[in-house]
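The chain below stands alone and is given as C-alpha cells, in the form predicted alone.
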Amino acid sequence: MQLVLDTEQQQLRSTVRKLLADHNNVRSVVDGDGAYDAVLWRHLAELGLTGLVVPEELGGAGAGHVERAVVLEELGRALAPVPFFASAVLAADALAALGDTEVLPALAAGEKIGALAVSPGWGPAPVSATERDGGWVLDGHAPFVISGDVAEVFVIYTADGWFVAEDARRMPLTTLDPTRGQAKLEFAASPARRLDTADPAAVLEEVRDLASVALAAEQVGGIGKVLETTVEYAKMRVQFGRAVGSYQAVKHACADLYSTSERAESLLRHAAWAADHDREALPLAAASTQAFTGPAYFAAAASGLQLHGGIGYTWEHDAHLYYKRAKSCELLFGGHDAQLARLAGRLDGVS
C-alpha cells in the first residue's frame, strides 16, 4: 500500500495546481451566465486529464486512479466549475466497465461531455426502455443528473440494463451548490443504444465505488483549501491587539482542521491505491473513505466559515462556496446515514 505520492504524482499535482491558478475563475460561473468554464475544460482536455484513467487504445492517458485522485483534489481545492466528475469519472467509468468503444474516446478527449443517470438512491433511473424497429427507445425522466445541464451524452442505468442516448430534454435545476450544475432529463421515445453486460447491477456497484473515491478526492482538496485559508486568516486578523490565531480556542479549531485533513487524506490514498492494485479491497475502502470524508468536509467548511468571522458570511468571500459544495457532496450519494449503512454492509462481508 502506498500512502505517499511519488515524484511524478507530485509533479502532476503541481502542473494542475498551476493550471488552475492561471485559468480557474469560479466566479465567472457563479456570478455569470455560463453553466461551466469552457476555457478551463479545454485546457484540461489538452493536458489529457479528461481521459486520465481511460486506456490509451481508447484515446485516454492510461494512468491510474491515484493520479486521477490527485487531479480531483486540485479541482476540489479550486472549486473548478467544470463537468470533470460527471464526464471523466461517472460516465467514463461506466462506459469503460461496459466495454464501450464508440463514445468513450470522445469523452476521453474532452470533445464531448458525458453524464450518468441513475436514481437518487443509485438504483435504476425511472426510465423505461422499449425495443422498437430493431433498436431501442427510452421514455421517462431522470432527476438530479450531475452536469446534465451541459452534457451531450447520457449513460443511463435502467431496470432493463445500460443505455447510451444523446437525445433528451434538459431542464437545469437550481441547487445549493452553484459551482456544479444538475438537471432533470426527460426522454420521450429517445433513440438509445443498449450496452450489453452479463451483470448490469455489478457494473453499477463498481462505478459507485470508484465514484466514492473520486468524490472523496474532491472533498480532501476542499478540506485542504479551507485549512490553508483559515490558518492564513487566523495569523493575519488582529483583534484586541493580537492575531486571532493566538487565542487558544482558535488554535484548537485550526488543529482540529489539520487533524481532519490528515485523516481524510490517508483514507483517500488507501482507497485510490486499492482501485489500482487491490480491487477486492476497494468496496470497503471506498465505503470507509466516503463515510468519513463527507461529514468531515462539511464540518471543516462550517468551522472555517465561522473562524473567518463576519467576512466569512459575506457573498464576496469564497467561504460560503466551500460550505455549499461540502454539504452538496455530503448528500450526493444519499447522505451520512446511507454511507454508514453502506459501510456496515461492507464490514458484514469481512471475515
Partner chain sequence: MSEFREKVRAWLAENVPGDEELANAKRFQAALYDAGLAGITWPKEFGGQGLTSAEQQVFDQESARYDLPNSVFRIGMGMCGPTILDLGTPEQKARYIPPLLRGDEIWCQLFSEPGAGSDVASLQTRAVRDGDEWVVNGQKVWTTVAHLADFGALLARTDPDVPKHQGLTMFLIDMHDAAVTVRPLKDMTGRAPFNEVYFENLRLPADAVLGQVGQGWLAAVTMLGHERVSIGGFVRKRHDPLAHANLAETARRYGRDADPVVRAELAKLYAAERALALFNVRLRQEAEAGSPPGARGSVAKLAGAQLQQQAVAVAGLIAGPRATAWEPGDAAGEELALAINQTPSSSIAGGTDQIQRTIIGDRILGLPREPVVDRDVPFRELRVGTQRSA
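Being a predicted model, the structure only gives us computed values, none of them experimental. Positions refer to the first chain, counted from 1.
The form predicted together with the partner chain exists for this protein as well; it is not shown, and the discussion that follows is about that form.
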property	result
Which of 115 to 123, 167 to 175, 181 to 189, 243 to 251 lines the interface with the partner chain in the predicted complex (heavy atom within 4.5 Å)	243 to 251
Candidate site 24, 39 and 229: all three near the partner chain in the predicted complex by heavy atom within 4.5 Å	no
The partner chain: the contacting residue among 208, 263, 141, 194 in the predicted complex [heavy atom, 4.5 Å]	263
Heavy atom within 4.5 Å of the partner chain in the predicted complex - the one residue of 111, 256, 199, 131 that qualifies	256
Heavy atom of residue 77 within 4.5 Å of the partner chain in the predicted complex	no
Residue contact check: residue 284 to the partner chain in the predicted complex, 4.5 Å heavy atom	yes
Touches the partner chain in the predicted complex: residue 323 (any heavy atom, 4.5 Å)	no
Any non-hydrogen atom of residue 292 within 4.5 angstroms of the partner chain in the predicted complex	yes
Contacts with the partner chain in the predicted complex - residues in 1 to 25 whose heavy atoms fall within 4.5 Å	1, 2, 3, 4
